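First, one chain by itself: the form predicted alone, in structure tokens.
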């Protein structure tokens, strides 16, 4: 009786750990399959890259401008105006937009748009037993389906990060203009604080975000069960797990980056 109760209590934890382990195994298989010849996934990689590009560019543009203008833009500007230091808004945008907001918005849009589409597509294939048919024919689903999506999302998230940075900073420009301030001090403090480490750290982080999105969404799609309802459930779970994984990874990555580059913690006037 006691053992049964304990087993029921710890069943969710075991399930989470089992899924996490299977995702790690899928990541390893994907990386090995990506570097091991033959490289027959080029056409599918290009198709998935263009698919994500076509779906996400407009939502990302709107989201980055809105976030950049509202959260670090207007809110920080209203605070800095109290101290007569609105010219410091540019330096703040290095911390807010380049290091955090732009990568997060990039990852959230890619996960919510492209990631869910990947989960639904692979989930439907699993329900229709197409993945089983591929295995019977001797075709590795990881090589033919997961690898191109994995590489495509890594590429597109890294590229979209630059896109998000540009339009996120544009939100700060709008906030400065709304407060009837010249743009010279904004750009001066922005470039005084921005470094190449900020840029490559942001791009590398979002590229790894893309890998997380791809692995989680592909895994949930390929393990979907229970018909159309099961596919919908897999899509919901993929989004939630992806967001949690991104938040956790961002914390670790940021701590490591700041520990290895302590100069980033100093704000230049």
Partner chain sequence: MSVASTAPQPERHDPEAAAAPLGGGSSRPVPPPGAPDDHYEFHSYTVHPSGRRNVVEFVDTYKSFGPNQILRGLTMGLPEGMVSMILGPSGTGKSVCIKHMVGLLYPDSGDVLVHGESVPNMTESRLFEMRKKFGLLFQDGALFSSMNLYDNVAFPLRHHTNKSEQEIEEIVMRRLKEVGLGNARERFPNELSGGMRKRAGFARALVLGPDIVLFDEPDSGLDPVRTALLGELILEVHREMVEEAKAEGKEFLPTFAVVTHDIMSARRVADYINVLWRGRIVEAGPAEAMLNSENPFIRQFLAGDSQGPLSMD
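Just so it is clear, the model here is predicted, and its values are computed rather than measured. Numbering follows the first chain given and starts at 1.
This protein has a second form, the form predicted in complex with the partner chain, left out of what is shown; the following refers to that one.
query = Among the candidate residues 162, 81, 134, 174, which is the single one with a non-hydrogen atom no more than 4.5 Å from the partner chain in the predicted complex?
reply = If I apply the 4.5 Å criterion carefully, the residue I get is 134.
query = in the predicted complex, which of the listed residues (139, 71, 188, 113) lies with a heavy atom within 4.5 Å of the partner chain?
reply = Contact with the partner chain in the predicted complex is made by 139 alone.
Per-stretch contact check against the partner chain in the predicted complex, the hit in 179-187, 85-93, 150-158, 125-133 (non-hydrogen atom, 4.5 angstroms) = In short, 125-133.
query = Is residue 29 a contact residue for the partner chain in the predicted complex, using a 4.5 Å heavy atom cut-off?
reply = Although the partner chain is absent here, residue 29 would touch it in the predicted complex, with heavy atoms inside 4.5 Å.
task = Select from 74-97 the residues with a non-hydrogen atom within 4.5 Å of the partner chain in the predicted complex and write them out in sequence order.
result = The stretch 74-97, when checked against the partner chain in the predicted complex, contributes no residue at the 4.5 Å heavy-atom cut-off.
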